[in-house]
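Form predicted alone, single chain, as structure tokens, below.
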Amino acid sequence: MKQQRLLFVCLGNICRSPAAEEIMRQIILKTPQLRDLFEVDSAGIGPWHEGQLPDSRMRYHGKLHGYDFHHIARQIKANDFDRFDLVFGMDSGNMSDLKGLVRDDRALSKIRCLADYMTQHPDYKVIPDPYYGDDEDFELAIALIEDACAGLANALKLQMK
């Protein structure tokens, strides 16, 4: 199987998407069936935080869970739909923005909502942006992302059979 590339996208690429990138990377590294078959990256809808590390609060809460969120923020580009096999938005706004960027049905078919892969949080249909929230909002975002990435890893394993 050829290596597949996964892209996680949120609004500014400083909270949810760099967390999803690193959480998914860790799951892939710990899953023999997935190791070496998937590459992950993240990006933001807008350019506001390009060149910055993830939000300090997200980095702090990530460390509490054993993660090192160190991605340098970048804005998604149209050619990312050529470079990546699947593109995951975090909420309905991200999904709408992503769909507005695509040029064709092939690119449109690559867009997924990461929250659709959650199995432990049935009351959540999106991964809410913690940026304007407090510690509880960052903890919730990490819990939802961990759940969604675990579900995504299971889906990818099933796809390989």
Ligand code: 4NP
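The first residue of the shown sequence is 1; numbering continues from there. All values derive from a computational prediction rather than experimental measurement.
Below, we turn to the form predicted together with the ligand, even though it does not appear here.
In the predicted complex, every residue of the candidate spot (14, 49 and 129) has a heavy atom lying within 4.5 Å of the ligand.
Listed stretches are 100 to 108, 33 to 41, 131 to 139, 113 to 121; the contact stretch with the ligand in the predicted complex is 131 to 139, by a heavy atom cutoff of 4.5 Å. Among heavy atoms of residue 10, some come within 4.5 Å of the ligand in the predicted complex. Contacts with the ligand in the predicted complex, taken as any heavy atom within 4.5 Å, map to no residue of 72 to 93.
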